[in-house]
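A single chain comes next, written as structure tokens; it is the form predicted alone.
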Amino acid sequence: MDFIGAYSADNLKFLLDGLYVTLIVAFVSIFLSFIIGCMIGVIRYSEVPVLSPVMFYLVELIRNLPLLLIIFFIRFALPEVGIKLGLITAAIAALTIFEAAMIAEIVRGGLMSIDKGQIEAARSSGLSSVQTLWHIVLPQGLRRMVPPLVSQFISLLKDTSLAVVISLPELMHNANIVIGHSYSYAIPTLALVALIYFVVNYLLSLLSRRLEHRAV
């Protein structure tokens, strides 16, 4: 084990560059998948004619596919029909599609958990279905969704490492290159990468607990 060589200034900078790409891909994917997932979840909850059944089958299809397959499809299959995306864009697109399907189910479940009595009371007081959804169901549902949503976001952050298969220069990709220089760098490099993932995910977990306490 060569800790001094593994933790040279050049190697640390290279790993930090990979972490930067990982965080960019993760946070953009989190933002996009949350927006899309909320929209799909609300459509499914509201049982919109035509759209709701279509979203059901689409979500079930994506949820039952491996993320790796979606990454390969977007990076290598889409160019065959004239749609060519860059490495970062392809990774973001794959993660967004996969995670949006997962988030849609979390959102739908959170909305479904709201007591029917509150909904009936809101409707009987003169609120429309849209007003009831916006003022009664969504605020309470979103608070209940915080823990599972943050857990899903943590999974997404870790899933960015799967993009190593398309040579996305993220943290694990760069770690593999560092290790390739000398196998004596393997343990120090992987230990540092594990620590980085732990710290980032632990901070997200702390944020989840804080938001959960504030929501109570």
Partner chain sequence: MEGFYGTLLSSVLALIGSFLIGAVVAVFRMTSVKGLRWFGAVYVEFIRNIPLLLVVYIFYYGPSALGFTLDGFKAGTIGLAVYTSAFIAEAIRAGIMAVPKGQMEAARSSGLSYIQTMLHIILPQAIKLVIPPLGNQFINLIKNSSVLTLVAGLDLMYFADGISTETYRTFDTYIFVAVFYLVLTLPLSYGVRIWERRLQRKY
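Residue numbers count along the first chain shown, from 1. From a predicted model like this one, the values you see are computed outputs, not experimental measurements.
Not on display, but discussed next: the form predicted in complex with the partner chain.
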query	finding
Candidate stretches 74 to 82, 87 to 95, 132 to 140, 116 to 124 - the one whose heavy atoms come within 4.5 Å of the partner chain in the predicted complex	74 to 82
In the predicted complex, the residue from 36, 55, 68, 28 that sits within 4.5 Å of the partner chain by heavy atoms	68
Residue 181 within 4.5 Å of the partner chain in the predicted complex, heavy atoms	no
Contact of residue 43 with the partner chain in the predicted complex (heavy atom, 4.5 Å)	no
Proximity of residue 197 to the partner chain in the predicted complex, heavy atoms at 4.5 Å	yes
4.5 angstroms heavy atom contact with the partner chain in the predicted complex for residue 193	yes
Candidate spot 8, 21 and 208, all three touching the partner chain in the predicted complex (heavy atom, 4.5 Å)	no
Residues in 134 to 169 close to the partner chain in the predicted complex, defined by a heavy atom within 4.5 Å, in order	154, 158, 161, 162, 164, 165
